[in-house]
Ligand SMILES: Cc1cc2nc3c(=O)[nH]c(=O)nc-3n(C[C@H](O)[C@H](O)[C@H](O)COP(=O)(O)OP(=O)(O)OC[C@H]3O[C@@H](n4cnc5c(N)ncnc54)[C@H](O)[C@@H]3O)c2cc1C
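Okay, here we've got a single chain as structure tokens, the form predicted on its own, with questions on binding and movement later.
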Amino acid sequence: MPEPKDTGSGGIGVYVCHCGTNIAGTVDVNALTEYAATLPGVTVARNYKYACSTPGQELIKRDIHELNLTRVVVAACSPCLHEKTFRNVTSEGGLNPYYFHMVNLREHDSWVHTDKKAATEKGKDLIRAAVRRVRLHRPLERKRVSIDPNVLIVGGGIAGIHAALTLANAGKHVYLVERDATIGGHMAMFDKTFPTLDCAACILTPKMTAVKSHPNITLWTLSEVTQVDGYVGNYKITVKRKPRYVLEDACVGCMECIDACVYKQAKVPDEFNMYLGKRKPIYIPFPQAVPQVVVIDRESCIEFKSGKCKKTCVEVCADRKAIDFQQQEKTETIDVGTIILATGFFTFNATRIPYYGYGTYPNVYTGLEVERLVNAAGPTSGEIILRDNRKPKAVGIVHCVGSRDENTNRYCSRVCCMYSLKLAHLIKEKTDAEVFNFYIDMRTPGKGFEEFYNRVAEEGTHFIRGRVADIYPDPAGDGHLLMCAEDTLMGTVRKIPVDMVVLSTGLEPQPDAQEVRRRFHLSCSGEGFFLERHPKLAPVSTFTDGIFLAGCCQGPKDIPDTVAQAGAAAAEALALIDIGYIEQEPYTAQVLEEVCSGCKTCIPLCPYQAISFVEEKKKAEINEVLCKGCGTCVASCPSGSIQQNLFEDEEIFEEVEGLLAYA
């Protein structure tokens, strides 16, 4: 390590990190250190193998005290990883943390170059620019924002349920908003769960009931968030609550009104049963629904269609007066400090792949439809009966429908292999049919998954490695469908007659994901799922402070991973609530009123809605709590009246001049 160059009292300290061989393998760190020591204003220049380690941090703090440093520059890895680390070091050394500046020698230099000499010269340029810039840094202070202890959870599937119970059990009040008539989500539609074959309802229903009965949870079904105002710790949420036409407080779930309905037979396609069965206009989605309150379908109810219904449902409920045809939509406004999004997923629409025959051939089903067929509470009471009233003797299951496909979704949906194996087991168990699984690759990476795969194989399920190219009626008749696929292990094309085809459809973002992400000021990944702050270090946080993700809205995952992520999101929200405040970074923008022309150019461009127009002054105004320092308004202001802390014009110009090696 070179000896520090002492230029007298005060000055800048420059520290170059080897980062193992990540930087030192491509950049000559000794040459950088020697060069940095020659720059004007630099008191000390050192290099260290791991500057982020405890000894590395202590070295910087010691130099600040002993050499009376006034500024610190660290040339190391990404600021995303360690800018906060070295700001804390600078602060602990007695300086304002914003007297520190970081040079990204890794991502901006060593990782993108192979020429060591050129990379070293580029490193010198970057350090020279940083040294010139950091001299102009001003002391800044973080601001504290108080946190409202209430939490909003959007989505009542297993993710939302688990997060709600975790927070409620910790003594926090939770608003759980679900747009369907009941909570439970997709898990409520399943018969069994892999790999243990637990009854889905048996493990889910107690948690659903606990949500309804918990004193710290306000449950709103048939409700949607329509507006999100405010900022972390102080969000103001507007919720639209649709009419159920049944008073929740009065209904006891006796369901006599359903029996009394003038519809003698169920005639309305049942959404919960994937339209494989029928229901009446007044109904309960499924036996274990929470809340256990019936709902009236306005679109199919005679009273709403013609006004000529005998209202027998009202008559049988005369004592409780629970049915109210005059019920109106209403709006609720609530204040919360944190938000958890658990809006779930949407199953791939199999009609987008026409050669599989879904929607054309009646005995082609999706995996979720088969879940309802095998469920004891389903439309066939758990019997697998085809649409032509036959029991299948041969069944083909097609993996990766809508996943791992350049024409649909390139990503793996993670659950399809395992739920295909589960359905193969259940179909075999209920029908003793011959089952063929067509797969690209068998992916069973979870706990107990490989054992489950071996169990299904030992039960006699046939596994054919190859993509199904076509499904069409067997010319020989008998109602069979021919599945044409290349068996890559046998090296031949096979045509297998089956009675039933099951399409293992993948998981996609909800159709309104883009609308929701705009409402909550989030970003989406290329696949359309909500984007986390960091895929490894912050998988449940978002770039909007105080908003967290749980479950499949962040990406495809199974139930255990969903529950784990929901618990993590609840823990993050709980940490914010319990500390009582959040510290905001000070690199926010401000409007210079004397220069602002009031043109309003900046207002629609702000992605965080942090800018408003003050009519009395005819000037723009920035809410520093909402501002995230993205700089959009600074760059777009035609009069140059907006400045941003830590990115002021003088600092940027000085850095550019240093980068271009101007004297």
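These figures come from a predicted structure and were not determined experimentally. Residue positions are given as counts along the sequence shown, with the first one as 1.
From this point on, the text means the form predicted together with the ligand, which you will not see here.
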- Residues in which of 281 to 289, 307 to 315, 390 to 398, 548 to 556 have heavy atoms within 4.5 Å of the ligand in the model of the complex? 548 to 556
- Task: Please state whether all three residues 157, 186 and 560 have a non-hydrogen atom within 4.5 angstroms of the ligand in the model of the complex.
- Result: yes
- Query: in the model of the complex, does residue 540 have a heavy atom within 4.5 Å of the ligand?
  - Reply: no
- Message: Is it the case that residue 422, even though its partner is missing from this view, gets within 4.5 Å of the ligand in the model of the complex, heavy atoms only?
- Response: yes
- Distance check, residue 344 to the ligand in the model of the complex, heavy atom within 4.5 Å: yes
- Query: Using 4.5 Å between non-hydrogen atoms, is residue 494 touching the ligand in the model of the complex?
  - Reply: no
- Message: Considering non-hydrogen atoms and a 4.5 Å limit, which listed residue (224, 92, 297, 256) is close to the ligand in the model of the complex?
- Response: 224
- The listed residue (150, 544, 104, 193) that reaches within 4.5 Å of the ligand in the model of the complex by any heavy atom is 193
- Residues within stretch 31 to 58 having a non-hydrogen atom within 4.5 Å of the ligand in the model of the complex: none
